[in-house]
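Okay, here we've got a single chain as structure tokens, the form predicted on its own, with questions on binding and movement later.
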């Protein structure tokens, strides 16, 4: 047998039926968000490096797969994430459109390096962005649409983990002053109570104790008697939970890994495929600010779903059943069967057979049999 062609690390071929599963799941997500009024945009896979990096921000810019444009000699980059591109389109090409502006997207992303947990460098991403509001109603809508899209893809036992990325900073600024707020945040990242004590930040350990089911976590946070911006963030999180009473919610008030882009609320989505627990998050999102060219900012909230893990777990949209058409079958028969939702596979030679071409159904000259 010929030796298979080598591919760069983190890239791979998708074969049947997984390739069709990815395409079907992507369609399912986009169809779901479209029915909520989100209009699809399709940004390019490559942009000028400086411009793309600006819209992605520092965390996203660090993942850029860079190249040089042979036409101009300028630096190009492949998108590692589509959210920043959608923000650019909303702020520029669609800057004069009425708000709130609802946009949807889906396609391939490429990053410079994978991780130990997720070595893939090419991934399929789909999502939606609501530009013009980051209030409670906007957050409830966006999270609800994300859950609905995952449900339509066949994901079960969906859990949404809420985070408050700005809570620790607000506490350090307004309520519980500390000499080194970043060191306190790092200690909370590591769940390191001893480090908190050494920093004179023992009170922050109450945030570690609060993590868990959202209702209980919010009760614990409200019992701390906080005021100002921290109290406002907690109150808004409570309102979001009230609007999502049919969704399984958890809250971790100290989590910030991967949420540097978000403002007051972030969330990650987890679930199961049948009896299999999906080992990593299948989506994430939250609130953020879209900064226009004139320096002004507008609030936004959105989500991204990761389609590949869903396909790898065996989820897929309903594939059409395949019907074998023997030699001599009139073309109008195939057209009629396809209009009825069946996939037709026509024989090209007398040697072609239904079993060899993976067709459970056969046209016998008068009807479909199987």
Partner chain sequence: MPPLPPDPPLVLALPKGRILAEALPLLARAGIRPDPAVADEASRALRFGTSRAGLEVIRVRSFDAATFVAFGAAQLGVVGNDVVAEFGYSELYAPLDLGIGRCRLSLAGPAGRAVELATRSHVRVATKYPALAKAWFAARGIQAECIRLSGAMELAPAMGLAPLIVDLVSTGRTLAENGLVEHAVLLEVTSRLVVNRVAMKTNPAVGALVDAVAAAVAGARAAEAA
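Just so it is clear, the model here is predicted, and its values are computed rather than measured. Positions refer to the first chain, counted from 1.
Beyond the structure shown, there is the form predicted in complex with the partner chain, which is absent from this document and is the topic of what follows.
Residues of just one listed stretch (229 to 237, 296 to 304, 74 to 82, 187 to 195) have heavy atoms within 4.5 Å of the partner chain in the predicted bound form: 187 to 195. Contact annotation: residue 176 falls outside 4.5 Å of the partner chain in the predicted bound form, judged by heavy atom distances.
When contacts are judged by a 4.5 Å heavy atom cut-off, residue 250 counts as touching the partner chain in the predicted bound form. By the criterion of a heavy atom within 4.5 Å, residue 117 is counted among the residues contacting the partner chain in the predicted bound form. Using a 4.5 Å cutoff between non-hydrogen atoms, residue 96 does not count as a contact of the partner chain in the predicted bound form. Put simply, of 279, 274, 200, 135 only one has a heavy atom within 4.5 Å of the partner chain in the predicted bound form, and it is 279.
Checked against the partner chain in the predicted bound form, the candidates 107, 213, 243, 144 yield a single residue with a heavy atom inside 4.5 Å, and that residue is 213.
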